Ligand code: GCU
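Read the single chain below, which is given as structure tokens and is the form predicted alone.
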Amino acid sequence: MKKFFALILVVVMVLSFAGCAKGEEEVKATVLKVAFNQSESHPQYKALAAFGEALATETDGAYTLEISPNALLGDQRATAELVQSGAIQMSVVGNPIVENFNQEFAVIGLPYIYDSLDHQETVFTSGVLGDLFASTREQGFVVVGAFTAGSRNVYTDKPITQPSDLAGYKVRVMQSDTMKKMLDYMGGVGTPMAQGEVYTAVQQGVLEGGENNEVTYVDLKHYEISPFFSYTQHLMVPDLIIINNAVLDAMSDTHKATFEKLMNEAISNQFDAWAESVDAAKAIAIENGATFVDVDITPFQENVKPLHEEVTAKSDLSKALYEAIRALVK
């Protein structure tokens, strides 16, 4: 009988310890709040969601993602500051936003620095950007990866086939001096503005148009206000995934390795998903009256060369980074 009660006591103790362990795991579980300024249908959102599911699975629930789409947490500049302060853990922001923290990022957002999306994917997955991505640590965050946003092109109320077509046209650009200069060199008037303000600004005549990729053009229904989408292909600006320093540093070596592995997989998968989303977006835009215009980009390329020289002349690091990227052209 004594042995029987002893056995019962052992079982109770084991179950108690198991319950405590489970409770401790629940306490240690970390929710990574991610700010995202596009909709749930965007390929980057889908890549993030898949990344979050895989992260939760491979860390046994220690880390999960909570994505807030549609700029619910503010515009990209505001969410970058929220990540800095630790109010949220992660955000996806355009390269020009991070450029405001470190001017070296201007290099990877230069017009026509990438020859193709294949070239861009090679750059993003080669490791050549590692030191640059870690350089914002003193600002409270680091870059853990980059998504493609395809090529950016000008859209307005008429076809744009040469620089003179942009004369006097105020075109929305991201909030960056480099982006403003780029549009100015291209022949127009670069006008920095939050993306959410573009639709109304064009309606009111504050702007003549915008510049973006096909997916965002359709996602925001900008074909309703600017029906001519001209393939200037002037930019392939990275969208950067940033994370608060303290959050990344708090990860165990195992969890950090898992995080980095899954992020690299998400980046490669997102390039594939992007190509599919472009075809679908164009079909929707055409159905709604949009016209896609092919453009000889040579004169635009020539016009922006001074910007390449200006940016790479700022430091030896900028020049070296530029050369490293161009060396990866296949």
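Here the structure is a predicted model, which is why all the values come from computation and not from measurement. The numbering used is simple: start at 1 and walk along the sequence shown.
As for the form predicted together with the ligand, it is not shown, yet the points below apply to it.
Peer 1: Can you work out which of Gln38, Ser68, Asn303, Asn264 has a heavy atom no more than 4.5 Å from the ligand in the model of the complex?
Peer 2: That would be Gln38.
Peer 1: Let me know the one among Ala149, Ile241, Val202, Val218 whose heavy atoms come within 4.5 Å of the ligand in the model of the complex, would you?
Peer 2: Spelling it out, the residue with a heavy atom inside the cut-off is Ala149.
Peer 1: For the spot marked by Thr156, Gly190 and His234, is every residue within 4.5 Å of the ligand in the model of the complex through some heavy atom?
Peer 2: Judged in the model of the complex, none of Thr156, Gly190 and His234 sits within 4.5 Å of the ligand.
Peer 1: With the ligand left out here, work out from 207 to 215, 120 to 128, 156 to 164, 250 to 258 which stretch has heavy atoms within 4.5 Å of it in the model of the complex.
Peer 2: So the stretch in question is 207 to 215.
Peer 1: Gln44: heavy atom within 4.5 Å of the ligand in the model of the complex?
Peer 2: Gln44: contacts the ligand in the model of the complex.
Peer 1: Are any of the heavy atoms in Gly94 no more than 4.5 Å from a heavy atom of the ligand in the model of the complex?
Peer 2: Yes, Gly94 sits close enough to the ligand in the model of the complex that at least one of its heavy atoms falls within 4.5 Å.
Peer 1: Quick check on Gln84: any heavy atom within 4.5 Å of the ligand in the model of the complex?
Peer 2: Judged by the heavy-atom cut-off of 4.5 Å, Gln84 is well away from the ligand in the model of the complex.
Peer 1: So, in the model of the complex, is Gln195 in contact with the ligand at a 4.5 angstroms heavy atom limit?
Peer 2: Looking in the model of the complex, residue contacts with the ligand include Gln195, since a heavy atom lies within 4.5 Å.
Peer 1: Hey, which residues along 152 to 186 are within 4.5 angstroms of the ligand in the model of the complex, non-hydrogen atoms only?
Peer 2: Heavy-atom contacts within 4.5 Å come from Arg152, Arg172, Met174.
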